[in-house]
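Structure 1 and structure 2 below are two forms of the same protein chain, each written out on its own as structure tokens.
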Structure 1
Amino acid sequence: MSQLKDVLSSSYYKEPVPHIEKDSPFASMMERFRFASEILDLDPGVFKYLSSPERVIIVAIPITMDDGRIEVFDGYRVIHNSILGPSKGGIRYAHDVSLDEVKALAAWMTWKCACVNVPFGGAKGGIRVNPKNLSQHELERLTRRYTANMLDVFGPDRDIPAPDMNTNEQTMAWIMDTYSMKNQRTEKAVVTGKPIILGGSKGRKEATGRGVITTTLAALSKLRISPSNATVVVQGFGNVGSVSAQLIYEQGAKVIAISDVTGGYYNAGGIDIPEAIHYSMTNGFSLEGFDGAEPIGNDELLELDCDVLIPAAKENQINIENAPKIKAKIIAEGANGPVTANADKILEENGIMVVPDILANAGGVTVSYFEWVQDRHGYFWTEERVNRRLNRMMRESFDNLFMVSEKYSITLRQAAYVYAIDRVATTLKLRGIYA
């Protein structure tokens, strides 16, 4: 243990992602990684290995703009770990994408895949660009050139991209086509999150929200709360939030508050979620003006007395300032990093069960795995089969983490990192270090 503590206290490992803000979700993830490593008494060499990405790729992406100018964009792909299988992770397009951010997100994917027993490693990619400033043709040229630069990285047995911030099914279709043309064969399994007609999986769009609710129901069961008697608050009404709200509503729960960028909406008697979804879809995907509930501030929404709080919007929503005011019995993290590391202890002391993001929102990568399997076999499942298998894997993962939390007398979040890191470290020891 002393050896590991020496490594943990070194200046390098205190700040493994030096340019990420200390209160960012990525810094919180690294803090939890350190804690789990101490619980496991991880070998210092293994700790160093798992703290470092296997491969970092930086590329310049020149494209010809519609007006004839040549612009050059920075592109990244980080393979954090491939011990469990091909690396897996999304590609984001954003003006503030940085290499350090991509490194941290790649590590996060390693733990998320291990947490739900998906045989993938972790990766992430990004291009520093504001996609709103590019035409559709420019976005296509950007994507195809980025893919061409990554031909020795991507591959169904090597590294498998997926959509992320500001990328979508069309982006994945361009990547698949570019890779296929260069390899002179159609290779659907090189990406996931594709249109169904190109080998995408049914149930993929709803998968993250479905995973959130499957783990929420498991948590309610542990607390002996019937879903039909539960009150629920959902922060965020995008794909994850709206699907989560709909599915828990279908279980008979009373959803008393929802929110989007226009603000929060509260109804103590329960909100008609299908009506709210219909309103949002016909109102430019906005809840502004929704008359099925009263306006409420975001801070007040998070602090409502409820059984389940689902933060499915942004990071750092529950922090050291408002954590003492949270009254929910269960927090199911639909977003990445909605709870800061310094709020964990407060929530634990107040008896709040947190279903951590690397479990709760892992439904997306789980169904991405299903898509990859279906593409490899050339046989596609019904949506009912996808959902059934997703529910089973998410529930089994929750039960695994619950057992770990009881074994070590730690929280579910701590158990998630302990379980994931132990799984990767054990696999590393069995495979050994190739020389």
Structure 2
Amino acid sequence: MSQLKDVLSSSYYKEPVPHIEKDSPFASMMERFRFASEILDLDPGVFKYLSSPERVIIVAIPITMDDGRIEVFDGYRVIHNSILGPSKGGIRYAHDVSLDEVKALAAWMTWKCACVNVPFGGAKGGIRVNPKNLSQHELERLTRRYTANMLDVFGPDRDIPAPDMNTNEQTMAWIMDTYSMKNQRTEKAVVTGKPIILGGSKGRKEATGRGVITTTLAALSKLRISPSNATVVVQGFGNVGSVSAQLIYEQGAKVIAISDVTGGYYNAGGIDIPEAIHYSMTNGFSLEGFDGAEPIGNDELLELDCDVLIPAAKENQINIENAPKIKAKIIAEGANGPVTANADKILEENGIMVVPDILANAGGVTVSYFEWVQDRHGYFWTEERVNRRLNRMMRESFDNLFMVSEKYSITLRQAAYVYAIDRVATTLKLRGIYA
């Protein structure tokens, strides 16, 4: 038995986090991490090192509400690893954010950056809040107080936040301003995903969806399906889902179903995506009442017969229950963790090609890297240059991981983990342990 096997079978690593449920995002992340570590026969010490986050920060965020009451919200920032460079990752606002989820998402950022050769480590933040219940002023105070609590964590060379679920350019502008005020100088590179006028990058907003479609096109070509003959289903119509739907529609594909929190919308003849986007934007970012398609349930939508399924909503959408019923030929993970680890095997047995999240949705962090570089140079690129470099990095990463998957006869997801972990572990070996 290898040394790593000894460590893996010890009671601690058998159940790395005993209190979490089976489908918890952290458990899914760990299962894939363990599998890849075994393929690499990873040094047991390195396995231990990469199993726990470097830093976990939990803060209480008190704010004065508009009516004068004081409310307190829980906030998190998890730095999983900064071996490859400053840690990078978004901040999400959601009523059900948990530390388990933020820990998984932070580790996914480490693997994601390593997977597409972006020189950053991984982090993630979250505030447990339903942003719909807060006014714009309350959201601003919440964001500024969270930032104030993180002044010794954030920094252009330390930890760089970005938007994630329910946060946006405005949120980043507040973080940038709070950090800059405290440091008494404008520090653009402390966040990415800012408004362009504040030092944001052209193409950043569309970057995640663009990367999803670049990798989807690469996957379609491996299966010899022409995009203009492809049928596509997109779950989620936020920034990632709507841009993915638009770009694949522009390739001539038939998008037969889309969805948002108000439900699913199906049209076997193909949905007019520009019209759906226009409808949603003029309807408070909601598809409710969209008449270019028939209503369809979320379960039914995921199980539709199609070439490409793009889950771009949230975690655990494809799990042990519905995985056997998925008919798509390709799943391109726009969201982080939309497939649970125990569903992986079923999809693999059914011959479904999964373009894993840490590759498929890495376009966002890739253009975040471009934004950071532009801020530090004080020189800004054209949108054409951003998109060209993004497409090239995504395409090269896909081809590279496809090769790794063939070399070890493993899935693309396993290949992505093997490549990413190997990259982080090799860097760690070279740097050594400081003590």
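We call the rigid core the largest set of C-alpha positions that still match within 1.5 Å between the two forms. For residue numbers, the reference is structure 1: its sequence is counted from 1. On a predicted model such as this, the values are computed, not experimentally measured, just so you know.
Of the two forms shown, the form predicted in complex with glutamic acid (GLU) is structure 2.
Residue 253 is not among the residues whose C-alpha shifts by 2 Å or more between structure 1 and structure 2 once the rigid core is aligned; its shift stays under 2 Å. A displacement of 2 angstroms or greater separates the C-alpha positions of residue 59 between structure 1 and structure 2, with the rigid core held in common. Relative to the superposed rigid core, residue 262 undergoes a CA displacement smaller than 2 Å between structure 1 and structure 2. Its Cα shifted by 3.4 Å between structure 1 and structure 2, residue 175 is reported here after superposition on the rigid core.
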